Structure formats: C-alpha cells, structure tokens
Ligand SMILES: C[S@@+](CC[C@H](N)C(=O)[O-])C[C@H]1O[C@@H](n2cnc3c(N)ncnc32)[C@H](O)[C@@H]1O
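Given next, in structure tokens, is a single chain: the form predicted alone.
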C-alpha cells in the first residue's frame, strides 16, 4: 500500500460551491488535482493507493478525508468529480473515527499530527531541497506533501517525531500533483524492474 498525505492549509471544512474551488473553497482545486494524480491511471485506478487530505481552513478545522483506491466509486479524472466527493464527505458529521460518506471516501475529525500518530510509520517528506528520489526504494511508503504554501515549521516538527526521510523529485519547484506523478513513475519503473 502506497499512502500520500496532502495538507490543505486553506481548504474549507464545510460544504462548498463546486463553482469556485480555487477561491471560496480555499484552494480545494490543488487537493482535487492531487487526489486524481494519486489514484488515476489511463483507464483504471491505482488500487494499492490511499490518499489523505488534511483540511485546515474555516469554518471548522481540522478535518481529515481519506480516499481508498481499492474501494472508491463515482470518481472521474477531473477536479469537479473529486471536489464533489470531498463536498459529500463534508456534509457528514465528522467524528473522532472514520465515517464513510461514499464508497472509498471517509471523513473524521483530526489534524496532521493525529493522522501521523494513527499511521505510525516512516515518512517520506517531499521537499525541494531533499535527496534525489532516483534509485531510492520504498516499502509501503507514506509520502507527505504540502499545498501551495508548503509545510509550516510546526508540521515539520511533527514529522521529525517519526522516522523520516526528505526527498526531492527534481531540481525545480513543481506543483504537488506533478510531484505525485513523478513519484509514481519512479516506483512504477522499480516495480517493472523487479518483474524482469
């Protein structure tokens, strides 16, 4: 299982309009693109992937949303489709435990630290100044990425409380969803090599 955590510092924590994902929804467009980059292949879904969204915007932060590639339904490869599933999750009353809103999509109260504690595993933190990902091998990886704001000092300190590694996908600053595609590509190549 490959797992990804994307932190949305402005992403709203109540149902939102699908017509203004970058504005009123608090850059929900970034999270939607990350969901799609994490889960989609050309004509299929990556079944061995789970993606967690940390929503830290108003009016009721923080909340966690989980997409499970093995179970998710009704997801198409466009931002609006992912946004619709996030909105449906936010219509549920978030509890201290995971509650399914649609097949493969769940919500719970909690912040980044709560999620790291629940998953309790080595973290691969994607950051521009990290070690080159080329040639690195990961078993059951947990990748962490920030939105357009990156991670705060407090969030980085939470990561430092676990075994972690800082890696980079290349020499230039890229969008989070592009980083996810490059990470998948690197792991796909390694898996193909194992088969030969």
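Residue numbers count along the first chain shown, from 1. If you're wondering where the values come from, they're calculated on a predicted model, not measured in any experiment.
Omitted here: the form predicted together with the named molecule. The next part is about that form.
Residue heavy atoms within 4.5 Å of the named molecule in the predicted complex occur in exactly one stretch of 149-157, 134-142, 38-46, 62-70, and that stretch is 149-157. Using a 4.5 Å heavy atom cutoff, 126, 169 and 179 all lie near the named molecule in the predicted complex. Residue in contact with the named molecule in the predicted complex (any heavy atom within 4.5 Å), chosen from 174, 187, 14, 18: 174.
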